[in-house]
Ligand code: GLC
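Encoded as structure tokens, the following chain is the form predicted alone, with no partner shown.
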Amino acid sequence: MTTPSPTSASLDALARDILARNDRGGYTVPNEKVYPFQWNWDSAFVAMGFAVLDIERAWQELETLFLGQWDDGMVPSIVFHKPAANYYPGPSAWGTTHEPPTTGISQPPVAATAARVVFEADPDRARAEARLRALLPKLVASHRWWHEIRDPDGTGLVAIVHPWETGRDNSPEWDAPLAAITPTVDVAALRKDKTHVNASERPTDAFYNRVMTLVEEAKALHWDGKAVARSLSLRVCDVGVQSILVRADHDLHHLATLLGFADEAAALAGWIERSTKGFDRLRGDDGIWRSLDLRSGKLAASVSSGSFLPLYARVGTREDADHLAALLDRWGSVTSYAVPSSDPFAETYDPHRYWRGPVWLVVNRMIVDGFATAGRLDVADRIAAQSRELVGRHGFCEYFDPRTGDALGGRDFSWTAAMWLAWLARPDAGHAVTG
């Protein structure tokens, strides 16, 4: 006897329950066991999910995230609101001085896009404008940090200095830049993640030793923003972060203009123009966008799901969308579910290990947005349908095997539940775009 597939209503109920269970009062943990704090881009996507359920709670998610904002504008990757012993690296490993404690690095800047989603979903226009007016200067400061602190020479290419800043933590894109780093620490015994998730689905100890060496380098610079951006042993323009930032610039420019923040809108327009031109340096000879090692000047040998995100940033042409659709079709000849996080034909591909192959629904949502905007609704609809099938068959896990759809990583995952509520539960999931 086969188990019947869950209904949309039952998935709605389960997604709501996951967000409720992971709610810590004003902020949401991605997953109780593996990630017991507030993560930057997770919270932005979660706010989109809460916008369907409880608009007040959606605003709170973003506002609580910005309690961790640094004086220079950076929004850290993690805000450690409460102690938790089941996670490494915690506050003491980072050596920052912010209160509440935070990491010293950031994550893909989705918050402005999420703020636009929440603002447009709020039925109370007076409340929406009041909340956005309070939040908007903080959002602009966070974008200024990316465009000025992480692009100190005004090249139009923003730098990440740690793989975790990309959100695609152990993508093969970072293999070459990391290989140039000689580890100065051994943190294998400190890791907690492998006690909650199969080690074959997590980054290796060698990876952790190198990325924590970067943390030690930044600590020696007292986390000075421009010094870190200019001198750390890893400096890469990630095509994913660049794309997410420029898209968020567009959304924030729209909001700033709407509310009459003229100076802020002008600054954003300038950043959009400069960074859009920067994409020219990220295009390979095959026409595919890639991440750029700013130390070596070399483009990444590997193509990842991030290579599809310039369409999300409103960069490129219909021909670019067709070219990327052909690439996706090729990947689909050896996978059942889009979009693998890395090239399934590459030697570095691993369909089980974190960002080296598995499918992540938050990235799918952005890729769908890009294809839909570029006029390839057929591709957008197909990715959305496959994403819906993944949840229906395998639940709200952290990530999925692109061949079988099997659940991987943490279970009862907040941003996967949020993507169901804000995106996949809608009949027009392949068509929905913001802006």
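What you see is a predicted model, and the numbers here were worked out from it, not measured in a lab. Position 1 is the first residue in the sequence shown; the rest follow in order.
The next section is about a form of this same protein that is not shown, the form predicted in complex with the named molecule.
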Is it true that Tyr88, Glu201 and Phe207 each have at least one non-hydrogen atom within 4.5 Å of the named molecule in the predicted complex?
no
Could you tell me which one of Trp174, Phe119, Tyr354, Trp271 places a heavy atom within 4.5 Å of the named molecule in the predicted complex?
Tyr354
Quick one: of Trp39, Tyr27, Phe396, Phe400, which gets a non-hydrogen atom within 4.5 angstroms of the named molecule in the predicted complex?
Trp39
4.5 Å heavy atom contact, Trp420 and the named molecule in the predicted complex
no
With the partner left out here, check for me: in the predicted complex, does some heavy atom of Pro340 sit within 4.5 Å of the named molecule?
no
At the 4.5 Å heavy atom threshold, is Asp169 in contact with the named molecule in the predicted complex?
yes
Is there a heavy atom of Trp70 no more than 4.5 Å from a heavy atom of the named molecule in the predicted complex?
no
Which one, 402 to 410, 374 to 382, 29 to 37, 51 to 59, holds residues whose non-hydrogen atoms are within 4.5 Å of the named molecule in the predicted complex?
29 to 37
Residues of stretch 92 to 115 in contact with the named molecule in the predicted complex (4.5 Å, non-hydrogen atom):
Gln107
